[in-house]
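Encoded as structure tokens, the following chain is the form predicted on its own, with no partner shown.
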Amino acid sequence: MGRIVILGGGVSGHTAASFCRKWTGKQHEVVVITPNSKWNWIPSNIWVGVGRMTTEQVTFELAPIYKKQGIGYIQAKAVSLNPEGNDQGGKPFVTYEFTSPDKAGQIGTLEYDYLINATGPKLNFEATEGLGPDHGHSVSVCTPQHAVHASEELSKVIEKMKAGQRQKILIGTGHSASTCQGAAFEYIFNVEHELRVAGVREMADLTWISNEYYLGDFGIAGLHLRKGGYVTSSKIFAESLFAERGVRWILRAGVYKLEPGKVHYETLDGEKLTEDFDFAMLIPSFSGVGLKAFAKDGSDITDTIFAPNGFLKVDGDYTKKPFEEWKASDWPKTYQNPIYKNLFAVGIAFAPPHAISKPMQSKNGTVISPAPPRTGMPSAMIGKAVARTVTNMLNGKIDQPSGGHSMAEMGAACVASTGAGILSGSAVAMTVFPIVPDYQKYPGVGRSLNYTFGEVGLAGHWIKHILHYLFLYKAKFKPGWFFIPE
């Protein structure tokens, strides 16, 4: 009997676990180690953050779902990997610390034949002084609990506006190298929509602050799309939407400090400026979760298999080279660690070879540029692809991964909410192919214009609303779940 261990039960980890269980057969074990007791459909947290949904609508308990499916479940935080086993022999193993109330703080170990690292990111609020809902001066929608708090604080701001007090609302990125601009993008337009619904829109000054070089970059170097018979850029698309909704923007900004009601940021010109706010939701930077790794003799090999940002190195090209020499082929295809062939990483847990958007530095040497996003649909597709690889290797069908799952070879669809409502809601529906631009294959724009497009409207809102329930259905392993695409 073989054992596949998956670290993390988020979008990529849960997807990997579901297909590993489906494809391995009963003769093998599939075990998920995750610190969370609940699964969260993260894209809908923005609706929790404006009071449109509750945490119960975006989460469910993992234990009964995994038990029904025959997937082992340990509620714990992975602490370290021993990919060579130890000097007493035995298989590779992972060490973890229980987070479940009955065993909290206890340490356990588990051997594995294959391990898939799907831990996702650490929400690195502490990288920016004063950032975050726990010890800082801003709110967040990164977790359901954070989103509830954001909704409560937003309600207070709305009440002040109803009482005649003008309010400044600031939403965007809270670090010079933040990613996940899409979540902030959705949130600012959902807030704008709720202000209109509440009848207080004229009492609010909405400002977007971001490390993007231009609107519509989103950490993927923007995109070009066909619209109305001509080709336009996401920059024009985004600027039109921001202007239409009356949202001011501050770009090329690296936030480095928050005080009550005031954010400090640096510009690419090297200026240190401030912006006042009454309500701020700023996305933190992401880093690895802090996993350690040890060789058979106990020596620390963390820096050997993990990149400096804490994400696991896979089969990408991590050679340092100028932006002009970066290629689509640098991106990983198998997500297999080059040293330990039974070790893989999916979703945000794998180390990208480089940024997608061109890195920018301020005159002071500060990198002010989005990190590459690896969330949502790409995470799920990669999780499924690696599950196929690992199960085929475990079942003896292949000796090594076949590849072909690079983000430079796959497309993705994104539906970004810009306001929830049966008849008044809207969303930006967008497809991009490939995710990582390939300027050799598609000169000039880097992507296929036949498969890259975007529209905004009520239909997009209904699509996103339907997808919310569809993916929860899939994640709960309801009948026919595997027919629903990632």
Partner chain sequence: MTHQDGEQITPYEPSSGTAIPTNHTVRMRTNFFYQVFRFIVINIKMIIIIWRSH
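Positions refer to the first chain, counted from 1. In this text, all values refer to a predicted model and were calculated from it rather than measured experimentally.
Just so you know, the form predicted together with its partner chain exists too; it's not on screen, but the next bit is about it.
Residue stretch of 120-128, 374-382, 322-330, 355-363 approaching its partner chain in the predicted complex, non-hydrogen atom distance within 4.5 Å: Heavy-atom contact with the partner occurs in 374-382.
Proximity to its partner chain in the predicted complex, single hit among Q440, T54, S37, S424 (heavy atom within 4.5 Å): So the residue touching its partner chain in the predicted complex, by this definition, is S424.
In the predicted complex, the residue from Q400, S155, S240, Q145 that sits within 4.5 Å of its partner chain by heavy atoms: None of the other options qualify; the answer is S240.
Contact test in the predicted complex: T431 vs its partner chain, heavy atoms, 4.5 Å: Judged by the heavy-atom cut-off of 4.5 Å, T431 is in contact with its partner chain in the predicted complex.
Partner proximity in the predicted complex: E202 to its partner chain, non-hydrogen atom cutoff 4.5 Å: E202 belongs to the contact set for its partner chain.
Contact flag, G70 vs its partner chain in the predicted complex, heavy atom cut 4.5 Å: G70: no contact with its partner chain in the predicted complex.
Partner proximity in the predicted complex: G246 to its partner chain, non-hydrogen atom cutoff 4.5 Å: Yes, G246 sits close enough to its partner chain in the predicted complex that at least one of its heavy atoms falls within 4.5 Å.
Check all three, I236, F453 and E486, heavy atom within 4.5 Å of its partner chain in the predicted complex: Looking in the predicted complex, the three residues I236, F453 and E486 all sit within 4.5 Å of its partner chain (heavy atoms).
Any residue of 393-428 that, in the predicted complex, places a heavy atom within 4.5 Å of its partner chain: The stretch touches the partner through M410, G411, A412, A413, C414, V415, L423, S424, G425.
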